[in-house]
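Take a look at this one chain, the form predicted alone, written out in structure tokens.
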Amino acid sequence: MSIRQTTLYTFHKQFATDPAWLARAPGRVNLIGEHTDYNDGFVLPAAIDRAIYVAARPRQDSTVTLVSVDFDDRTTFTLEHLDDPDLPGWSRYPRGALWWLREHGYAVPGFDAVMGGDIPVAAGLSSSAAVEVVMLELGLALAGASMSQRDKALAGVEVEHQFIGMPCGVMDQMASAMGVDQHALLIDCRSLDTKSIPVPDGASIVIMDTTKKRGLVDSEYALRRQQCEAAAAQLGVPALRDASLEQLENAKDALGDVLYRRAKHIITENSRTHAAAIMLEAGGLKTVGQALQDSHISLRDDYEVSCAELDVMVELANTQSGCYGARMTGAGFGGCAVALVQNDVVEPFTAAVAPAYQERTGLTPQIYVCQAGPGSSIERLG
């Protein structure tokens, strides 16, 4: 049974009636463009064919009963008390979306709902952003209102900032809300302009979870931001997105080794992201794959956010026949790597990489084969 069917079935079982609405929002993977977002740069994520679903039926009062398939739990709250700290942690993201809608004047009624998904949790595939976006889709429908996909994404970012307390960028929510089937999404993180970039039919996106628990992310993430800001100030530009390699080389001695290498990653990663987008449009998967490999080397050596487990996973992936290229994806220090792999060798690729990684690290990886999928949506069921 698909997760869509499971969600609908669970609703009928829990509430002895059929839902009126079914909302969906996908997870995402970032193909290339890492740590460029907070430097006003460019990213190239894709929505994936794994998603969060919410089946719901409105009520006549302001009570919300929410059942989670994934957490095997049920909670009830009112729309007047969305910030109740005693409610289950898993309900914070959907409550945050409802809070945003109410804060902005949308008359969302109470409702009964079941939420289920097949996005792996804590694997760096943005399940939390998908929950925010899917609940915004549902809440708007229940309120009889509409909003552009871009505005839904930006609302999700505000949920993260103001309700959850996480100063995230725009990429996750924009990919989830604005994804286009069989396309990646080139996002300018300064202007928020987007361009759909086709992913050629012959390739699958393979996400390889190292199952190495991320360490150091918060402290090192903050330090990298500070280093980038310091380098931009030294170069006399608003953000590293505005600096050229020539400027960087001319200021190498003044910057010192660490700031030079941090800035070098951002400047070259922006160039790689643009090049990858152009080559994807042209069907040049080998060139895109080389950009992924170069991105990993830069993240490992210049930005220093990789770890031994990610390096092993990427090395194993890149040595497999039919793999165009692989790199770490996400903040780093653990988490996932991503590879572009020929469709006809995905099974032998997975069969070779998983046991080899386990043998070298002692960790059991999780590998997910995905395609680029459409962004969020909602359908009226009756």
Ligand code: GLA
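Note that residue numbering follows the sequence shown and begins at 1. Just so we're clear, the structure is a prediction, and the values are computed from it rather than from any experiment. Superpose the two forms; the largest set of C-alphas matching within 1.5 Å is the rigid core.
There is another form of the same protein, the form predicted together with the named molecule; it is not shown, and what comes next is about it.
- Shown alone here, residue 41 lies farther than 4.5 Å from the named molecule in the model of the complex, counting heavy atoms only.
- The named molecule is not shown here, and in the model of the complex it never comes within 4.5 Å of any heavy atom of residue 352.
- In the model of the complex, residue 35 approaches the named molecule with a heavy atom inside 4.5 Å.
- Looking at residue 168, you'd find a heavy atom of it within 4.5 angstroms of the named molecule in the model of the complex.
- If you check the named molecule in the model of the complex, you find no heavy atom from any of 24, 71 and 137 within 4.5 Å.
- From the list 104-112, 168-176, 190-198, 91-99, the contact stretch for the named molecule in the model of the complex under a 4.5 Å heavy atom rule is 168-176.
- Comment: the named molecule is not present in this chain, but in the model of the complex one of 163, 260, 77, 221 has a heavy atom within 4.5 Å of it, namely 221.
- Residues from 325-343 that approach the named molecule in the model of the complex with a non-hydrogen atom closer than or equal to 4.5 Å are 330, 331, in the order they occur in the chain.
- A displacement of less than 2 angstroms separates the C-alpha positions of residue 104 between the shown form and the other one, with the rigid core held in common.
- When the rigid core is held fixed, the Cα atom of residue 225 travels 2 angstroms or more between the shown form and the other one.
- Taking the rigid core as fixed, one finds a CA shift for residue 45 smaller than 2 Å between the shown form and the other one.
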